[in-house]
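Only one chain is shown below, in structure tokens, and it's the form predicted on its own.
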């Protein structure tokens, strides 16, 4: 991935009647990046993808790809290809004919087509299925054929609309890594649309979280998850505990917040400036919370301790999810790895156990309420 923007979007807007699907957005995507547009239904991510492809015409704004203005460029002349969620394979054609279709339409020499198709099928590990029809393939195999057909013409940008949505969970997880390896091998710029947070976190070099036609945050998966910019992002990407409060003290590096659960001390992010008396929300991820049966000794690194009772417990194999009701009646979700168990096989915590939960000052994020 290079640092020079390869796709430049400026002031892009698209409306449908009174509904604004994409609302005056700016975006830079780097060459060779695997960029993910993440959001719920109706947030504008697919409309944005279709404008990049040329299937939707913006009401305002501009799109540049590799330095060229796409305003007057029809879809078939853009250096992009789009892979649809349905895969859209021709049912009457074999795998190799499906993959060769674009090259044949362009009048490429038959010998060259055969060579290119063979190379592409080998790359997606479908060379042994070249003569089969789409209905003779599994969902994962059809996905690979669609990917090969999309890449055979060597587009500068590949647009993927929910590419793994039709696969079951296990196959989807396996295919995510295959897609990443293929993208890395080819160096093609991928722009992926998905509503699946885990999929976005796995695939992306960077993520743009969308809501209401706008970007709520753009950053690496770690940035979006660890330091969400808004309450929406914190709630949308992964699980989070949100505690409301009022700032009582703000000094370099630390913020003190008064909540209904008691006083909480947090490590301020470098970009945070919170005035005393301002209302804020504290976002803390379930896995950042420490749970134990005895009260921990309060240390500068872990000043936030709450007492409560285990109300719900779900065993999920590698970890357990517990819902703890604090003395103030607030429900806190905690995830605990199942690394230790009692000799009788029971979980270390049970329903109605009295417990102490705590989290380090650096493990929470202060957000504007």
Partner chain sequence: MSGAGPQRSTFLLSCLCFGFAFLYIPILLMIVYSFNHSKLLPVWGGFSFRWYVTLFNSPDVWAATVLSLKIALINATVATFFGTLAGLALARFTRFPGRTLFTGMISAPLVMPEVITGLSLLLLFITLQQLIGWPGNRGMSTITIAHITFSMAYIAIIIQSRLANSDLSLEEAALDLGAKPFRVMADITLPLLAPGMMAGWLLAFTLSLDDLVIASFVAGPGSTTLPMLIYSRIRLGLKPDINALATLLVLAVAIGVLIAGWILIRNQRLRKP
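For the two forms, the rigid core is made up of the largest set of C-alpha atoms that agree within 1.5 Å on superposition. Keep in mind it's a predicted model, so treat the numbers as computed, not measured. Numbering follows the first chain given and starts at 1.
Below, we turn to the form predicted in complex with its partner chain, even though it does not appear here.
- Comparing 96-104, 223-231, 117-125, 198-206 against its partner chain in the predicted complex, the single stretch with non-hydrogen atoms within 4.5 angstroms of it is 96-104.
- The contact residue chosen from 267, 249, 86, 278 relative to its partner chain in the predicted complex is 86, the criterion being a non-hydrogen atom within 4.5 angstroms.
- Though its partner chain is absent from this view, in the predicted complex it lies within 4.5 Å of a heavy atom of just one residue from 288, 156, 153, 258, which is 153.
- Using a 4.5 Å cutoff between non-hydrogen atoms, residue 81 counts as a contact of its partner chain in the predicted complex.
- Using a 4.5 angstroms threshold between heavy atoms, residue 55 counts as touching its partner chain in the predicted complex.
- Using a 4.5 angstroms limit between non-hydrogen atoms, residue 177 is distant from its partner chain in the predicted complex.
- Residue contact with its partner chain in the predicted complex: residue 274 places no heavy atom within 4.5 Å of it.
- Proximity to its partner chain in the predicted complex holds for all of 76, 91 and 142, with the criterion being a heavy atom within 4.5 Å.
- Core-superposed comparison between the shown form and the other one: the CA of residue 195 stays below a 2 Å shift.
- Residue 153 is not among the residues whose C-alpha shifts by 2 Å or more between the shown form and the other one once the rigid core is aligned; its shift stays under 2 Å.
- Once the rigid core is overlaid between the shown form and the other one, residue 133 counts among the residues whose Cα shifts by 2 Å or more.
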